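A lone chain, given as structure tokens: the form predicted on its own.
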């Protein structure tokens, strides 16, 4: 039909954008830069954009996404899911977080929360700026005779920096209690000085969700190297060959999900 009138707009697709993509999706890993992750919306949140990074349709056994919460946005009512645990990590700004009806607590950048299955939460942005929050959802794997974990509301500055490898230039912050068998996953901050790499290519049963927070580097996945920097996401399935080599001038850090503390399901 000729004469069709489109809405006025000033933006243009940049030259060379057709087919240019840093992202890669393979059988047991995915490298996902933020520019390719489109907008979703979720009924339990208002004035909120969700950018879904990992889901069972990808091959992951968990869901992970970034919430972009506009001023006045957040949960429409207390959210809790039977059998599903939640982890939240504040990427930018400040949010008001309430667990199981308790008084709201402000969480700023680096603040985090863990919610056992069924425990309701509210999450609100009462500031004048859009905030970004990382969310992970995983079905809990109970152990007979062992209680579920309690909720956690904390900040990364309250978590000690450790280094169990003994190798210089590396640091680990275990945001959930390390070695506590009530937990079936870890959320860790992994720190690297420039030029300090993994000592070997790792190939193991654990699954990962990796969100780059600071710095840059090269990440080996499967058979290929990928350049990674802040806001990039990687999903790694079990037994995906992997290695990280930081290449920037400053420290590199990423937030890493890992399923642990459970036997192999047969």
Ligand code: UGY
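Positions refer to the first chain, counted from 1. What you see is a predicted model, and the numbers here were worked out from it, not measured in a lab.
Quick note: we don't show the form predicted together with this ligand, though the next part is all about it.
J.: When the contact criterion is heavy atoms within 4.5 Å, does residue 256 count as touching this ligand in the predicted bound form?
T.: Output for residue 256 is yes: heavy atoms within 4.5 Å of this ligand.
J.: Would you classify residue 198 as touching this ligand in the predicted bound form, given a 4.5 Å non-hydrogen atom cut-off?
T.: Yes.
J.: Considering non-hydrogen atoms and a 4.5 Å limit, does this ligand approach residue 202 in the predicted bound form?
T.: Contact check for residue 202: yes, within 4.5 Å of this ligand in the predicted bound form.
J.: Does the 4.5 Å heavy atom contact test between residue 153 and this ligand in the predicted bound form come out positive?
T.: Although this ligand is absent here, residue 153 would stay clear of it in the predicted bound form, with no heavy atoms inside 4.5 Å.
J.: Look at the candidate spot formed by 69, 124 and 130 and say whether this ligand comes within 4.5 Å of a heavy atom in all three of them in the predicted bound form.
T.: No: no residue has a heavy atom within 4.5 Å of the partner.
J.: Pick from 234-242, 46-54, 24-32, 60-68: which stretch has non-hydrogen atoms within 4.5 Å of this ligand in the predicted bound form?
T.: Contact criterion met by 234-242 only.
J.: Only one of 135, 176, 190, 159 comes within 4.5 Å of this ligand in the predicted bound form by heavy atoms, so just point that one out.
T.: That would be 190.
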